[in-house]
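Take a look at this one chain, the form predicted on its own, written out in structure tokens.
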């Protein structure tokens, strides 16, 4: 009798049966134990490299996107979810925001006039009327003469001032964190990158998930192991969030194209160039005659707009920031997928004449597409009432789902690799601890590899930006950058601060060829007597070109001044004031710090004091 026994991978087989694997198997009568060839240990074959298919490539791309910037991705998604309900969140927290609806609302301009009367030494930058929010107070942004920003709330039915809150309310804090991560210069562009990543993640996820359309109604296995449950939940949420992720991806990618690509001139612009807003000409101002003219009240301005367009729903009032600017009244006529303030009327602040408009009905199809991005991204296209709350609720739930996708994807990967990592660890506890720590902290270790340091670097910069933002809220631009000491310019006493930007207040403010924010503070004299104020980084050759115009409300007056490409040692900063009688007044400061008229406030105060003491001693010795 001949018996055929085949050896495969170190095991003995007879008639297709693995004899060595079955310990308790009873041999057939026609086979003797001697006829069975004992298994021979052989070296395991090397694992074959997996073929890079479209399915596997998509999986790798999807994993890479979800892992490498997972910390930042989760922050952007979570804060975006909160930003959807930022108004409702603040309304629950701050009593100043809540009002009792009544039959009629006051004229929106009258609210602004009452605020101007209540805060004569502060500037009101704008007023949000909250016309679409019956239970919410109107809100104005206030800037004090010394710098710093606050929100003041006023009852739109009675005109009673409800109180003040910090500019950075809870909702506002998370909204700014979502849009720019409080990062100077690159914050908005970095957030927009995640819109592109959402779109790529969506496409790669669908390719890697075979026959995904069959799994919409497959519920997660609740009683399975945590990794299996999270995997099922990840797929389930991802499938039902496809439409939402697509909206986030398209809107974020659209903004990414504009910033940074168009902003830094990497790509050509696709939208028409922004036209200059309607302004008051010199002839218009000359018609007002000599002496300080009287502006119309905000109530008169609003009455002029309502008479011109009775169907215009007013949402925002923005007073002129200098005497050549029109009074801008922003609102909507109920157009679908637009923000509540995308249309504007421009009003002559001294005569009430409508001198221009920008209405949604007049824009191109591509501009209308651009206008739709904000309400689609934040779920604000419900406009008002129950429909607004319903849309925001849906956006909040699916935003929460996207956040869970980011977190669960990270956990799934860690759990998949944990067992393999544990096999590489030594058995001795102390060595095991250090080895495990090394796996985490080494540059190439962990799912994020070297990207974990990039994540933490960005988060650190964001924390610094948050600290600066809270300082700005209290102090504004004062106490930062270069300080130009008080000096008489005609009948006014002026000081200035130069900063690279609000969030960039600790960066070098004066850089060759770059734009600088020049913040102006009026300490003496009547600000209304100033017709125009200009700033230039060299002496003006003629009064027809005195430099960049100073604009903004009291406490937030500034100009965007371009620095020369080459800055000389004796360079001067010039301020030119034109009064309403046609007279010009000038003064200058050293452009770069000299320790007396111009001081670098970024230097430690003690160092400044020491330098001043040294200068005094030198003068005394001389």
Partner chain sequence: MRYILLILLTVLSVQARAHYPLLSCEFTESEQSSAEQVFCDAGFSDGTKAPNVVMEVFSEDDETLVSGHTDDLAKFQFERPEGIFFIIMDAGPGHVIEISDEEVN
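These numbers were taken from a predicted model, which means no experiment stands behind them. Residue numbers count along the first chain shown, from 1. Between two forms, the rigid core is the largest collection of C-alphas that superpose within 1.5 Å.
Below, we refer to the form predicted together with the partner chain, which is not included among the displayed structures.
Residue 581 falls outside the set of residues with a heavy atom inside 4.5 Å of the partner chain in the predicted bound form. Taking the partner from elsewhere, residue 514 is found to have a heavy atom lying within 4.5 Å of the partner chain in the predicted bound form. Proximity of residue 57 to the partner chain in the predicted bound form: non-hydrogen atoms within 4.5 Å are absent; the residue sits far from the partner. Although the partner is absent here, residue 333 lies well away from the partner chain in the predicted bound form, with no heavy atom inside 4.5 Å. With the partner removed from view, the residue among 244, 458, 312, 532 that has a non-hydrogen atom within 4.5 Å of the partner chain in the predicted bound form turns out to be 532. Between the partner chain and the residues 171, 249, 319, 379, the one pair within 4.5 Å by heavy atoms in the predicted bound form involves 319. In short, of 212-220, 404-412, 488-496, 514-522 it is 514-522 that has heavy atoms within 4.5 Å of the partner chain in the predicted bound form. Of all the residues from 273-294, those having a non-hydrogen atom no more than 4.5 Å from the partner chain in the predicted bound form are 273, 274, 275, 276, 277, 279, 280, 281, 282, 285. The rigid-core alignment places the CA of residue 546 2 Å or more apart between this form and the one not shown. When the rigid core is held fixed, the Cα atom of residue 563 travels 2 angstroms or more between this form and the one not shown.
With the core held fixed, residue 272 shows a CA shift below 2 Å between this form and the one not shown.
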